[in-house]
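In structure tokens, the next block holds one chain alone, the form predicted on its own.
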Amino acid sequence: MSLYASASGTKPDPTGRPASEDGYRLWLRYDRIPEEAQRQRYLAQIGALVVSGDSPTLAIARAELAQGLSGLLGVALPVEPEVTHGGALVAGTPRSSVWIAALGLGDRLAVVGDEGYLLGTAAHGGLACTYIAANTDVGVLYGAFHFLRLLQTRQPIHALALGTQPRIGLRVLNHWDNLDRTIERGYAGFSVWDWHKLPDYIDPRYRDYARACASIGLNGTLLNNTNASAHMLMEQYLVKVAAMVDLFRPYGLKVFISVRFSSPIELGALDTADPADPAVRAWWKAKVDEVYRHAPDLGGFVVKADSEGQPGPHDYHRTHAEGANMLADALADHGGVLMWRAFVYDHRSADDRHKQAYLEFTPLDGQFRPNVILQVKNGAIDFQPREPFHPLFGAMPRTPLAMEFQLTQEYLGCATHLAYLAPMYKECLDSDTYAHGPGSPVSGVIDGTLDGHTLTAMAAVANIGDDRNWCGHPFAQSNWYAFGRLCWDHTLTSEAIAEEWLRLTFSNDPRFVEAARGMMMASREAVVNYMTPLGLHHLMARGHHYGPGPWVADSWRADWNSVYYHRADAHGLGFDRTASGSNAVAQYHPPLSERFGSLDECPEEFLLWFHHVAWDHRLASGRTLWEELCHRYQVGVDAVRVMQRTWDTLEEFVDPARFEHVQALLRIQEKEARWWRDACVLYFQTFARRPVPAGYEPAEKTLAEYMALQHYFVPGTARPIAQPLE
């Protein structure tokens, strides 16, 4: 039974405001449409519900449509096995429904593939219907959610004629969840997966999770941390994984698991994990066979190797291709996919971490098995508030590349800050790689159209925990939603997704939608300005990444120090990645390499990423670098205050509980934005040795006081279960 049914928020309170609710229902709120005329228009077209077929997936689609329509329209529609009169909503495939078969949609259905669907209106044999048609049952389920979304957002349905299919094949949420229920970079409580009680107890929340994922077209979930524990491949955990596979299957949700490269040593009592060793290869073949005996339709494996202390093929002087292909060969007989993460960097490199993944992987282009896809972060460093797109996109035409985004706000306020991230994702997806000349966007790399790949994927590090509202911050739900929508169709705009989410989650009132959408669209840029303006990056405190730490300089690894990235000195600020520096700009195709490499032509949002700039250098605003830096930090704080004032005007449209929750979090965000501004400006002033321009707010503390701040037990700092196994 779904927990959604017990969620509050279906009746108004005496003041006229919506009743308080806790956010559990996400965007799947089927509350009664208040406008009588709108309800009657929908009812005139939908007099009955017909979903023929008895598969588990079609049963879910039927139940979803029945629940959604009765909630939105205020009446329980008859659910009939076949159409006997006009005004019906019919859903199914040509095989499951005689009505869908009779519509003659074959040519149109051929275009939408295995997961797409058609929504339309038609008349046949004197009967009128609105139809949801697909080639597969899961396509029908996706179409059902889309149809309900149209009603939730008050769209006309009298002349439907649309067809859609996902642009990306694998659309996967990555849970960095440990088996002890801690979450690495988790800011919404503990893991939703209760491994101790599996497989015998299936928490109803698991179904609600699958339902939410299916509603936005996601078709994959990675259950465990990429910093993997070998325990995951033990028999006692494989039966638990199998239970999740069975549960998620009707929702079209494939399960992936992270595996530890050194598992043959820790589980198999071998003395090596060398991918060229026949005994190692045999061990993996036997282990994969065992995994698939428990879960025959497992999606595959995700691997993090040779990065941040994780074991990998480099331990045996083998390449990433050799390591990946060993696992891919074991998976191939079962149709499994290997998602091999390209987030690798070597602490022994004295050059530039930005360059390392490119240097590591481009020589291996074309050497990976057909069922291997390289999972590449959107930027070359590490999920920063703003990064130029990763240079690997457009540099490996013979290898499928998957996009990896981060939904959880590791570097964007740890879920206490409102940061709508669709603009960040779109900024990357829409960037032109120039790999085949102008018009070669990153999106074309990952959807396979640029280089002709059929294995395609987008992944994102989930922001989900066991908090009742799933994501901690009510607005953080929008990033989960936006990721799913962009996986399905990366041509959607950030504005359109924000409006859709607001209408589904809060209110359809245009006064609310316009104001709240403006908040969302400004939020990410605000975070960039009060944290890392002008291309600064990795200024966060070490370890937990909570709060500013531009002074961090005492880590044993150079690239775990903030000073490694900003390079502040008496002359100026920024990392020189031009030909006179690390020459990372050469990893991009011309003319982008020339643009990034030119001080005058480099976009200012990436200026300090690619250039060490003199403090007195004049920017487009006419201000010096120092003046512009101070200005951007202040602008970021001011933007949060604008969001606060805007939200305060929207009280009548939002239920009291969620309104007050967001209001309190905006107060935290404003306080922490000031903390960021003051600490960073004071620190960089020690190098610039110039006064803060007149008119800017004075700092509340001294630099020494900011540097002395210590934070303990910050959420999201959990580490994986210790190795080796006991």
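Numbers for residues come from their place in the sequence shown, where the first is 1. These numbers were taken from a predicted model, which means no experiment stands behind them.
Beyond what is shown, the protein has a form predicted in complex with ligand GCU; the following relates to that form.
The contact with ligand GCU in the predicted bound form, taken as any heavy atom within 4.5 Å, belongs to His545 out of His545, Arg517, His320, His537.
For the residues Asp297, Asp382, Asp329, Glu495, the 4.5 Å heavy atom test against ligand GCU in the predicted bound form is passed only by Asp382. Contact with ligand GCU in the predicted bound form, judged as any non-hydrogen atom within 4.5 angstroms, is confined among 468 to 476, 362 to 370, 301 to 309, 282 to 290 to 301 to 309. In the predicted bound form, ligand GCU sits within 4.5 Å of a heavy atom of Tyr411. Contact check for Asp489: every heavy atom lies farther than 4.5 Å from ligand GCU in the predicted bound form. Contact check for Thr226: a non-hydrogen atom falls within 4.5 Å of ligand GCU in the predicted bound form. At the 4.5 Å threshold, heavy atoms of Phe343 reach ligand GCU in the predicted bound form. Using a 4.5 Å cut-off on any heavy atom, the residues of 170 to 191 that reach ligand GCU in the predicted bound form are, in sequence order, Trp176, Glu184, Arg185.
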